[in-house]
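This document starts with one chain, in the form predicted on its own, laid out as structure tokens.
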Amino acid sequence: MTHKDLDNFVGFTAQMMAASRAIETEKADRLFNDPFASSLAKEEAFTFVKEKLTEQDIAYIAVRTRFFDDFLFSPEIKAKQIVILASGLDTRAYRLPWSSDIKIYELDQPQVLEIKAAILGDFTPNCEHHLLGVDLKQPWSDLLLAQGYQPNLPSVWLLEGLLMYLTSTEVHRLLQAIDLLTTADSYLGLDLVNVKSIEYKPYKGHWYSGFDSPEELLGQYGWTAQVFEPGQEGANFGRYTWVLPPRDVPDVERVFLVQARK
């Protein structure tokens, strides 16, 4: 898969993330182990990561991956349904120690999921695994329900590296759709950038929305959010050593890692 195959930068970021996970996996002090990442990322993605991303960018990707790995296995979460939106070349269904009663639904562009399925075709996740090729800007709830998702049961949702690529209107539309599909004791994990960060290189021109208060945004849809910034306790893992000023300091580029409960 090349940049041209997916015909958009957002699709190429799936390869960038896989390359970053492969680089992290090679480290002696790695924050996670992804033995599948190197086969999913082509040379173009490795070159981009090494030449265009800063040390801080790469550390953030490693921390974000570990942060959401831990979130999915939080002791308080009892849900058996996990929905990963814009999953890209994510390999959590394959590399994490799931039990057979867990159902994981991955939703993304058909061409991305087809390529991943082809490359990982010899491997079978321990969980019940569903790949749904969809355009998240179009109606997709019925497709999820048709695969056995039960909205009356608690669920876990992961939106990693997604919302900043949507407009504010699209973000609200997506959160409203999730609201209609979730019940009490469901959980939501996601990352956001603030308004100041929309112009951040190398993503300038590709990020369309930022939110300065994730708590307020998610509160509109019934979620109680716990918000972390990379570098804070619980979101550094000894790897991300850059500490930002307090959140009430204005004009600072920020990214938020969020865990929320309904």
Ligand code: SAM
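Just so it is clear, the structure is predicted and the values come from calculations on it, not from any experiment. The first residue of the sequence shown is number 1, and the count goes up from there.
FYI, the form predicted in complex with the ligand isn't displayed, but the following is about it.
- Though the partner is left out of this view, G161 does reach within 4.5 Å of the ligand in the model of the complex, counting heavy atoms only.
- Taking non-hydrogen atoms only, I82 never approaches the ligand to within 4.5 angstroms in the model of the complex.
- The ligand is not drawn, but in the model of the complex it has no heavy atom within 4.5 Å of K78.
- In the model of the complex, L136 approaches the ligand with a heavy atom inside 4.5 Å.
- The contact with the ligand in the model of the complex, taken as any heavy atom within 4.5 Å, belongs to Y165 out of Y94, F71, Y165, Y149.
- Three-residue candidate spot L175, E215 and A225; no residue lies within 4.5 angstroms of the ligand in the model of the complex by any non-hydrogen atom.
- This chain is displayed without the ligand, yet in the model of the complex the stretch 107-115 from 149-157, 176-184, 107-115, 123-131 comes within 4.5 Å of it by heavy atoms.
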